[in-house]
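We begin with a single chain expressed as structure tokens, specifically the form predicted alone.
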């Protein structure tokens, strides 16, 4: 019996736990070093992630009660009272529907452009790659608030240098303001997603391309049949990030409230959470946040499972 067969048989026997055979204990070397590296992350993760989530859930289970009309307000346990109000709140669900329609259009356009730009940068036919790589990524270096203010001025008929266009097309109207915001988000985040996809392209061995060229494949065929299937995990990752970002849309609508009356305090879910907490109604805002977080998790997880099932076929 050859050595690989012996090793495979031994491993299979250990996994099955056959009687008469002792399982070999794995010795962990340098446990102190492992603890030193893990503890700082665990502490920060607990303080800035788990504790805020737990506190938000706790706040969402409380209600405000007063003794009389002008009595002192006290927080008492209210069970699911706040969540009942959330599910009865029409503007909140309308805002979720609004950002979902936003994402259905904006996310594919953004990721499609990011994929095209990444493939262009990875193509041997493109000249001046350093310039284009920087040009594609620079918008992401602009803070989202600054980008929204800049585009808000460009959209405004009285302030835009393109008055011939903005006077005839009202980008800040109730019909177009959502897509005006989508343009801002796309402009900012295309370069970020392009960088993730481009990094995945750089990890593909060049031998695969050489073999494809020997078989007579051109650049378009290589991109479609080799590059895109191999970087599909990176595309899925950017898709999940984009779904999460869509439901968390806040900075751009908040800025656009200064430019358009069509953007109200209930325009997006996060904007509604912010406005509700400023009333202040922290308990209801916490319930909104918990429901929004669960919706984000469900959508992201469903998208991941859907793509995994498609890859498995």
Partner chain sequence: MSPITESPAPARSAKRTAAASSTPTGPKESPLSRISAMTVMLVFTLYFLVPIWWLFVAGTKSSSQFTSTNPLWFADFNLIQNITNLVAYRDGVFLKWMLNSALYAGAGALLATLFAGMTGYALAKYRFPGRELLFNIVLGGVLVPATALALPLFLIFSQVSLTNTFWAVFLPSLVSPFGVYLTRIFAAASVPDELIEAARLDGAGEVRTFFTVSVRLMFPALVTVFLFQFVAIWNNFFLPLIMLRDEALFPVTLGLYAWNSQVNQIPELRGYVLIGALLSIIPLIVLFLLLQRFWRSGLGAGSVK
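What you see is a predicted model; the values in this text were computed from it and never measured. The term rigid core refers to the maximal set of C-alpha atoms that superpose within 1.5 Å between the two forms. Numbering follows the first chain given and starts at 1.
The same protein also has a form predicted together with its partner chain, omitted here; what follows describes it.
Annotation: in the predicted bound form, residues 44, 125 and 139 each come within 4.5 Å of its partner chain through at least one heavy atom. With its partner chain left out of view, the stretch that reaches within 4.5 Å of it through heavy atoms in the predicted bound form is, among 76-84, 89-97, 166-174, 147-155, 147-155. Although the partner is absent from this view, residue 255 contacts its partner chain in the predicted bound form, with a non-hydrogen atom inside 4.5 angstroms. Remark: residue 224 does not count among the residues lining its partner chain in the predicted bound form, judged by a heavy atom distance of 4.5 Å or less. Interface membership of residue 265, defined by any non-hydrogen atom within 4.5 Å of its partner chain in the predicted bound form, is ruled out.
For residue 38, a non-hydrogen atom is located within 4.5 Å of its partner chain in the predicted bound form, even though that partner is not displayed. Residues 233, 234, 237, 240, 241, 244, 248, 250, 251 are the ones in 226-252 with at least one heavy atom within 4.5 Å of its partner chain in the predicted bound form, listed in sequence order.
Once both forms are fitted on their core, the CA shift for residue 53 between this form and the one not shown remains under 2 Å.
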